[in-house]
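As a starting point, one isolated chain is supplied in structure tokens, in the form predicted alone.
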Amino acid sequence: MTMEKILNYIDGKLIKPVSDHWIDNYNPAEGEIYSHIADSDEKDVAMAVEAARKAFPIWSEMSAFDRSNILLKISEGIDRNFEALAKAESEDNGKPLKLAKAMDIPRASANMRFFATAILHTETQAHQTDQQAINYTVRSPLGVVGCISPWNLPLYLFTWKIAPALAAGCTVVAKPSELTPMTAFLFTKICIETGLPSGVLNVVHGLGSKAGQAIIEHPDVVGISFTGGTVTGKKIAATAAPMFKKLSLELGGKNPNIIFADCDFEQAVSTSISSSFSNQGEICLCGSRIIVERPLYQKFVEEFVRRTKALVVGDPFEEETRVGALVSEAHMKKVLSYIDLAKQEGGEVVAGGNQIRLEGRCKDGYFVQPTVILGLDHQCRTNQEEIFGPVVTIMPFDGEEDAIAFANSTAYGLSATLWTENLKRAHRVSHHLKSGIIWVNCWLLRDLRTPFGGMKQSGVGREGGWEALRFFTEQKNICIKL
């Protein structure tokens, strides 16, 4: 049968790649090809950048009110196409359809809506210098920017990138992951339906090494916003920094989940199950290292393991499924290799640890059991390197200093979670954790007004709220003598 082709969106039109070459797109739950992706290169990127360059003067000079209305219409378009987008997200990514409906698509709509309204409430600063002069600061759109989004939360993080850029008045050349391009493709159809002016947003599909690199290297792309792995982030920085491009890099994580003995036990366990295995553990904010105060350690391990074993791994379209397929066969093999490594390092697998073979349509899918590993040192590779799958380690600690040392022992610093009923301890420990966001007695609770980003090798720059809008603008000070 003829499979759908995922086309580029350039200058307001859906077009095939210049080379007419295509990449197979797999449904990870079935292990089968179900569409073909444009295999774009520097020629496609050049066309996209030129379209964005031509559109920039009109879009950047449009009133904030008019830009806001267009972005709100796109948000409404996401809402109208909710079911189709959720199904596409599940098919492309392997995640449970229930999760796509509960998180990914609603948050994609919310991203567009938040930044559409935020630009109506921006402010500038003015300072009177004695009686000599008035200084005021103004911001203007940066120009043509590149937005490169990852595969784990495809539409959610795609819109997280492009919404503030468009709201600020920039024009965009975006590249979604080649592993999960379908929702971005459907999003471009919504842009056409809702009348987004041609060239304002351009979406180029393809490989990071070709299409992504061409975006980063193009001299007319003045800013890059990237979410993905730390290794890729280093390559982007090496290319973009000598060109003095503005950079925002949201990278990997090896996040600690710190549980003190005085916690609300039920909340700590139930939320830790979610923070460990939601989206098959393929969320950069998942707590993959659980650190439990020794008096509570045994009780926590027993209950956590019991609930882990009860999680249903299955067809993403089934209502009871809690853990779906990993995004690709290659990624599944990577996750399984880390489970083998943990065993070599002396770890004890007390739950999961294996690939699962389902029956029916998902018999060839990429499924791995939720896995819990005990007995590892906090400095071993399993506890230092990002696995990005349904694999967690649990370690005991003695006192606050121990917890802080364990938590801060990796090269990453994206997020941390802390469970305690002691308010002073919550503040005290939080201030010592080297993480960009710290949740106390909760997880993944986000206010879009707040900045978001990591420390150490988890990235540079801040996204979210006013920080994102500021990133996509440049400022200048005007001094007028009185």
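Quick note: we count residues from 1 along the sequence shown, nothing fancier. Bear in mind that the values here come from a model prediction, so they are computed numbers and not experimental data.
Although it is not shown, the form predicted in complex with ligand NAD is what the next lines describe.
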Check your understanding: Within 4.5 Å of ligand NAD in the model of the complex, do we find a heavy atom from each of 175, 250 and 253?
Key -> yes
Worksheet item: Applying a 4.5 Å heavy atom distance criterion, does residue 284 contact ligand NAD in the model of the complex?
Response: yes
Query raised in the report: If you check in the model of the complex, is residue 314 within 4.5 Å of ligand NAD, heavy atoms only?
Result: no
Would residue 52 show up as a contact with ligand NAD in the model of the complex if we use heavy atoms at 4.5 Å? no
| request: Mark residue 209 yes when one of its heavy atoms lies within 4.5 Å of a heavy atom of ligand NAD in the model of the complex, and no otherwise. | output: yes
The one residue among 216, 182, 200, 74 placing a heavy atom within 4.5 Å of ligand NAD in the model of the complex is 216
From 156, 406, 114, 151: within 4.5 Å of ligand NAD in the model of the complex by heavy atoms is 151
Answer among 221-229, 120-128, 317-325, 101-109 for heavy atoms within 4.5 Å of ligand NAD in the model of the complex: the stretch 221-229
Applying a 4.5 angstroms cut-off on non-hydrogen atoms, the residues of 393-417 near ligand NAD in the model of the complex are 414
